[in-house]
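So this first bit is one chain, no partners, the form predicted alone, shown in structure tokens.
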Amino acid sequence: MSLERFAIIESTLREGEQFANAFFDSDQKAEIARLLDAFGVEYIELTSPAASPQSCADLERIARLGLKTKILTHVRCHLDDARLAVETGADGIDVVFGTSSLLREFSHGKDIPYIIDSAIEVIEFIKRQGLEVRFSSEDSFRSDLVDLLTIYRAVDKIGVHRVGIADTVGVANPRQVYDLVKTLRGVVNCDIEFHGHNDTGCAVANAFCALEAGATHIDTSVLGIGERNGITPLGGLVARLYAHNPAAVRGRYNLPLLREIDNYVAGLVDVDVPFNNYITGFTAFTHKAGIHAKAILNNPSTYEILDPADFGLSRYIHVAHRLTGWNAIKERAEQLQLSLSDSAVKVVTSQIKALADRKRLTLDDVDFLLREYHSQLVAADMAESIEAVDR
């Protein structure tokens, strides 16, 4: 895998529009595009201008924003769609045609020679306009391998910029993705794009395996929103790539902006950011068990593969529970500027555990016990000092 050649095709404004709750007005689309551009994604993909007049107008508007990222649109493999897309000012056009036997029988009814002829006609037209062009099969992992390779060889021969593999129904596993991309890498010279749905929970792993096998482009959406369970989430892919090579990801993307992007899109589609969401979920950097807390306080890398500071976030040591350890309680006492010896902290920790066995605690409960015990010690010291003076 080469991070130097890797690119994100951010499809919140195309695939994300297919999410059940999604409706983005023109201003909201422009704001999403600006945020993604500021984050640093290499491409933003928008809905086909043939979908509706407003879709066409929105694509034209975003293409004129002057963003650094390249603007793409996703169209059927049809000259009419391609002509309309060219007129919008997009930087590139993503062409798609269903190739599985299911789609060929129950959707468009076309055979492989027809698909190849149509692809060549549309690709050559787009290339003559000086635009970037991708050809993708749809439902690739339920398509015949010989059919796929025959189509990909044909479009690669005429100079398509990249070919796409689409796990349209989320059926593929990481090994299958790796094998198909690796096989394709030995057949074509152009770039390879992977589009993976998350129906069986494999989208992030599949995307990473595609890169390992030689893919160069990965489709994502914010929070993974899209048709059904959506596709590879932007944050999930970033987390996986960060774990692989933190420095490369830090140098390429504006990581602290991820939380704002997730929250903004979540609000637009009326969902909460999941508690366990990659990076931006509220428990992503929360540590609870005593042994974890002690190690984290000594060296965060013991239980963190991602550094929250790189994402503009901070870790949280959860201390108000029966699993807490005295090291974590000592850290909390220091945050409250309470001077307590280790033995005193251990006494309070025992009190906290005993109370937590009877009810759910809050941080206020912990702070109360710490302050109360500290006050008792201070009062005892004062009484001892007065007694000493009296003697």
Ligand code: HCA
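As the structure is a prediction and not an experimental result, all values here were calculated from the model. Quick note: we count residues from 1 along the sequence shown, nothing fancier.
Form predicted together with the ligand: not shown, discussed below.
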- the ligand contact in the predicted complex: E10, any heavy atom under 4.5 Å: no
- Answer yes if any heavy atom of S136 is within 4.5 Å of a heavy atom of the ligand in the predicted complex; otherwise answer no. yes
- Item | Distance check, V160 to the ligand in the predicted complex, heavy atom within 4.5 Å | no
- Query: According to a 4.5 angstroms non-hydrogen atom cut-off, is T168 in contact with the ligand in the predicted complex?
  - Reply: yes
- Just give me the single entry in H217, H287, R252, H74 that has a non-hydrogen atom within 4.5 angstroms of the ligand in the predicted complex. H74
- Assert contact residue (the ligand, in the predicted complex, non-hydrogen atom within 4.5 Å, options C209, L258, I123, V96) equals V96
- Task: Choose one stretch from 240 to 248, 81 to 89, 275 to 283, 191 to 199: the one whose residues place a heavy atom within 4.5 angstroms of the ligand in the predicted complex.
- Result: 191 to 199
- Query: Going by heavy atoms, what in 14 to 32 lies within 4.5 angstroms of the ligand in the predicted complex?
  - Reply: R14, E15, Q18
